[in-house]
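Read the single chain below, which is given as structure tokens and is the form predicted on its own.
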């Protein structure tokens, strides 16, 4: 099965990002595919390389980057939501790219299921 994933919440303010990440890992471990992970609303905050969590905390941004690199997953950040929050190409973490809502629509069409995390 091919999944599309949408993340609508920031990395440290809501459990949606952690849950989405764990879901993505589980999907891949079961042999399924992920078409794309789309970050929208406050979810775009998962993409900034400027995030510096304490050493004893998980680095959610790095986890997304590593997952994308290991499994060739397309991590797309909504351009409008990103710009509203001061996120631009130059401060994106490795593996993320900025694009429009058309990428979300395409993921909904290409995937068998589009799973949304967060409000």
Partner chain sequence: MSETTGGVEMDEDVSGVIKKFLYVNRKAPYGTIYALESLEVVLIAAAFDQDVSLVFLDDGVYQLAKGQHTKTIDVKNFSPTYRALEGYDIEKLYVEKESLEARGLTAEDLIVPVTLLPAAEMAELMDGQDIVLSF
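Positions refer to the first chain, counted from 1. Please read these numbers as outputs of a predicted model, since none were measured by experiment.
From this point on, the text means the form predicted in complex with the partner chain, which you will not see here.
Visitor: Is every one of 41, 101 and 104 in contact with the partner chain in the predicted bound form, taking contact as a heavy atom within 4.5 Å?
Guide: Yes: 41, 101 and 104 each sit within 4.5 Å of the partner chain in the predicted bound form.
Visitor: Within 4.5 Å of the partner chain in the predicted bound form, heavy atoms considered, which of 67, 27, 60, 81?
Guide: For this set of options, the contacting one is 81.
Visitor: Is residue 13 close to the partner chain in the predicted bound form, meaning a heavy atom pair under 4.5 Å apart or at it?
Guide: No, residue 13 stays farther than 4.5 Å from the partner chain in the predicted bound form.
Visitor: Within a 4.5 Å heavy atom cut-off, is residue 85 in contact with the partner chain in the predicted bound form?
Guide: Result yes; residue 85 sits at the interface with the partner chain in the predicted bound form.
Visitor: I'd like to know if residue 108 sits close to the partner chain in the predicted bound form, meaning any non-hydrogen atom pair within 4.5 angstroms.
Guide: Residue 108: yes, in contact with the partner chain in the predicted bound form.
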